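Subsequent text provides structure tokens for two forms of one protein chain, presented individually as structure 1 and structure 2.
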Structure 1
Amino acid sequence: MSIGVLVGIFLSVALVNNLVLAGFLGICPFLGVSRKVDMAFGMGCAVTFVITISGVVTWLIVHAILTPIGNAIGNPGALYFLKYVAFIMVIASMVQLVEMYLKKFFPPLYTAFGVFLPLITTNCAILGACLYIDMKPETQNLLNAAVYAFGGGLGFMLAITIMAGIREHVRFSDVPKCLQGAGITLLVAGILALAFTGFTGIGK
């Protein structure tokens, strides 16, 4: 496998087709946890771990279990509906693992996340990454799938950390009253999404 192909896959999902800023997935934690850089970075690390492990495990489930069984019974798509069940179960298990780890070793971070930590289970960016891995032709081998999942997680971490840094500065800025709160937050998110379109063509 060419290193160039792997780098292209990584840059494509991390920058060009960023799950948050281009795919508009995972907007809830992106806006809800991006108030402070340390919290945003911690959430980004947690999501990166969950996306990477979930992407690899779901790829193995589809290609090592569901697809061979479907081929054996003469209908490759017979168990297609089980993919979604498997994806959700794997994601929920990985989130539970992260939650237990943070609760034991990083109690302040666990407390700061609050409800947003278990809500990683319903983070559509993670499910979206798993579905993209299943559908895209360039991720039909395990290494490519792992690189795609890891790049997607790092792209999420990059986006939410940058957003948190900007919001920390905006807090001390003279924002017009009509834009204070959600207004300036959504405006910043839109400008950030436009900025990321400048990476178009890098991963090609």
Structure 2
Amino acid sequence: MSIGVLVGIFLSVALVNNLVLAGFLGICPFLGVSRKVDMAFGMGCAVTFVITISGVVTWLIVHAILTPIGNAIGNPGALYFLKYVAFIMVIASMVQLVEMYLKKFFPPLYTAFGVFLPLITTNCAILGACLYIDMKPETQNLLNAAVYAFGGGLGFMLAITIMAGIREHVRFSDVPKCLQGAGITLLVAGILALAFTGFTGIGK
């Protein structure tokens, strides 16, 4: 396992196949929590945190629980129908766990994340990243999976922070009435996505 493969995976998921702008994951917080840069950054940090943990734990669930039990029965895929239910349970309980841990040991961080933490359960970037880790051939070992999840989280943070930066300026511009709010935000996201297509060709 060379470091080059890891860098490739990282760049691919953070920039080229950015979860938000190329993969359409986590659009709800991307549109909803991107009004101010500091809020967007907080959300980005919380997501990166949870996505990394959930990515690793769901990988362990598939490779250390579902597959071995399936093997014992004689069919490796026998329990794969449980995947989705197991994944969403892991994510929901991870979010809860992270919330309790932060509350006890890092109260300032807990207050900073505020309402974002519970919201992350329904952030599809997290479940999406876990599903992609499960599907892609190059993330079938634990280290690659962890790097993929971490890169995905950072990519989300990058996208939502840039978006918030732009929206702070859009507030002062003269937007046609019917496009105010969601309309102009989506158009800005479109142009941002257009810019991100410029990364195509880096890595794979």
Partner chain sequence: MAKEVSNLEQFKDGVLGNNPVLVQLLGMCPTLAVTNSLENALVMGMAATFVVVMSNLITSTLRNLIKPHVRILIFTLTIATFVTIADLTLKAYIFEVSKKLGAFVPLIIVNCMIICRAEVVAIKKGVAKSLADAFGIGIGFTLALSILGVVREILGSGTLMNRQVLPDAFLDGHTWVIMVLPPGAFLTLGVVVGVVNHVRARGAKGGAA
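Owing to the predicted nature of the structure, the values given are computational and were not obtained by experimental measurement. Heads up, when I say rigid core I mean the largest set of C-alphas that superpose within 1.5 Å between the two forms. Start at 1 and count along the sequence of structure 1; that gives the residue numbers used here.
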Of structures 1 and 2, the form predicted in complex with its partner chain: 2
Threshold 2 Å Cα movement between structures 1 and 2 for residue 80, core superposed: no
Core-aligned C-alpha movement of residue 102 between structures 1 and 2, 2 Å or more: yes
